[in-house]
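Quick heads-up: it's one chain on its own, the form predicted alone, in structure tokens.
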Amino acid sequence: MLKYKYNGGLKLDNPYPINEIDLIRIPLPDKVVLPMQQRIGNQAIPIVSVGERVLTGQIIATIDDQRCAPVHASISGTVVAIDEHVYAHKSGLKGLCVTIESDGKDEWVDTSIGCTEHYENCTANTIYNKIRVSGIVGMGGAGFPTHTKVRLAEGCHTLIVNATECEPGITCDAALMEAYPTKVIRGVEVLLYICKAERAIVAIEDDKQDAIKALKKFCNNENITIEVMPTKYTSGAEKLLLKSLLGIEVPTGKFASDVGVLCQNVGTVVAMFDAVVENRPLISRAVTVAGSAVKESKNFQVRLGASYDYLLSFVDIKEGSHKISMNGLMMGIELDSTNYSVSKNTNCVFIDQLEESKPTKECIRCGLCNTVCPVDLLPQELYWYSKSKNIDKAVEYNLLDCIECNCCSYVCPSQIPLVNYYQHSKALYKQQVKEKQQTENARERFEFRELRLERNKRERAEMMEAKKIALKEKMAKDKAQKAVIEAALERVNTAKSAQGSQDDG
């Protein structure tokens, strides 16, 4: 039983339940399209060329920055294209991708160099580097480079493994835990070793009984506890996990690492085990395929870069018009097609039957949105300020603390897409901050220029004045020297005249 609770949130049943959760390993795709942008940060740069043969696990793209998470070939074969494709992202923008055609061999690059199961003999830095070169990022959807996040939390007192999977309909993490419970526990032990945490908590919701039993069966480490939480939507948000498990409130603008806690998704932990112990980089992940148009929801272990169409070929889809989305029913992203590929942060693909959308009505000020907000905001006030573009006031009401969980939009009887307004306001705020910073930079550049011109003017005046003084001193010196010379000449001439007078006498 949890000691601490948070307000709000929703009790949402899985709309697409699975009788038996399995993790199905599907055959290799004939082709993969690997996006170069699969993490928070700059886009990776390809280091292979068209026509080059690559091996499974080979690094094909990287970038020289602190958050570098390389991209690896997920199959062996030939690079047939390096061009732009539309990313599965709400921006709808294109990005660079590397396309590999399979040779059907799945021939691996040499991955024998690593820590193996005796990782305790490796230094923390060696393991950090292994995680980095293995291309591991947050598998829960955020895509933050894992080696960076772990380093930021080095010396933390608690490690929290997020196995809640609170988004309704997604079961890939549950399938992963049931299939590989020992990998989960060993991965937690690797994290405990390198971040020096005193304890680890695996947080899992009570609707995952089979996964709970599997983890408890293989957990023999007294520093690791399995904490069962009530099934409640948004319980997996990082700040809410800390509040529920530890009673810690993370201040606005701060992160878990700022209060001595490291949070990692359970999929990320398994990927770390694969990298550190089995010396395998991140080239596949578990993905849920579900939706009202899918006859039976399934979980697949699929190679990165495989197309959505390839993934969907392993499920039965009902006929009719469909709505496609990824990464959740509540916080997911709607897509215009299935012409995308699986990336490191693709945890689900939903195919739903297209339904007529309900019309939006005026706010009736019922206040339901205020009662379900899990971070204790006032969504109704934020809505009015966002709608009127009073961004400063919205920020005063803690707009930036909104986790965009859509609980408020879900319960709104007027069908108002509240989170859309908040997202727009956040974008405007960021633009204002950017413009303010640009204005401040321009002001500083102008003031520096004026200061430089004034300094140059002053230095020039001082230089001219010094030249005048030096010239006057020189003229005075020359005049004195001329007088000395003239006096000497006069003495010489006088002496000559006196000598001439004596000679005449």
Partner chain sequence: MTVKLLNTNQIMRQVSYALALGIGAQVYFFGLSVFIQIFLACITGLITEALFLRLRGSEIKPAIIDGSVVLTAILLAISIPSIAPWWIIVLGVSFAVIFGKQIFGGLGNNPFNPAMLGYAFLLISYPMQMTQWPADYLSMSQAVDVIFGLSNIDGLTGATSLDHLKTQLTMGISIQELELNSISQLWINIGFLLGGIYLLLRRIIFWQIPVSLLLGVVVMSTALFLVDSDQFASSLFHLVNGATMLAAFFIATDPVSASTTPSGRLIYGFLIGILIVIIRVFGGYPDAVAFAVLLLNITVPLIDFYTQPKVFGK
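Numbering follows the first chain given and starts at 1. Every value quoted in this text rests on a predicted model; they were computed, and no experiment measured them.
Missing here is the form predicted in complex with the partner chain; even so, the following discussion is about that form.
A residue is said to contact a partner when one of its heavy atoms sits within 4.5 Å of a partner heavy atom; residue 365 meets this definition for the partner chain in the predicted bound form. Although the partner is absent from this view, residue 301 stays clear of the partner chain in the predicted bound form, with no non-hydrogen atom inside 4.5 angstroms. Contact check for residue 92: no non-hydrogen atom falls within 4.5 Å of the partner chain in the predicted bound form. By the criterion of a heavy atom within 4.5 Å, residue 240 is counted among the residues contacting the partner chain in the predicted bound form. Candidate site formed by 372, 377 and 401: every one of these residues places a non-hydrogen atom within 4.5 angstroms of the partner chain in the predicted bound form. This chain is displayed alone, yet in the predicted bound form one of 108, 397, 218, 144 has a heavy atom within 4.5 Å of the partner chain; that residue is 397.
For the options 252, 357, 321, 337, the one in contact with the partner chain in the predicted bound form, meaning a heavy atom within 4.5 Å, is 252. Per the 4.5 Å heavy atom criterion, the partner chain in the predicted bound form is contacted by stretch 406 to 414, the sole one of 177 to 185, 71 to 79, 406 to 414, 190 to 198.
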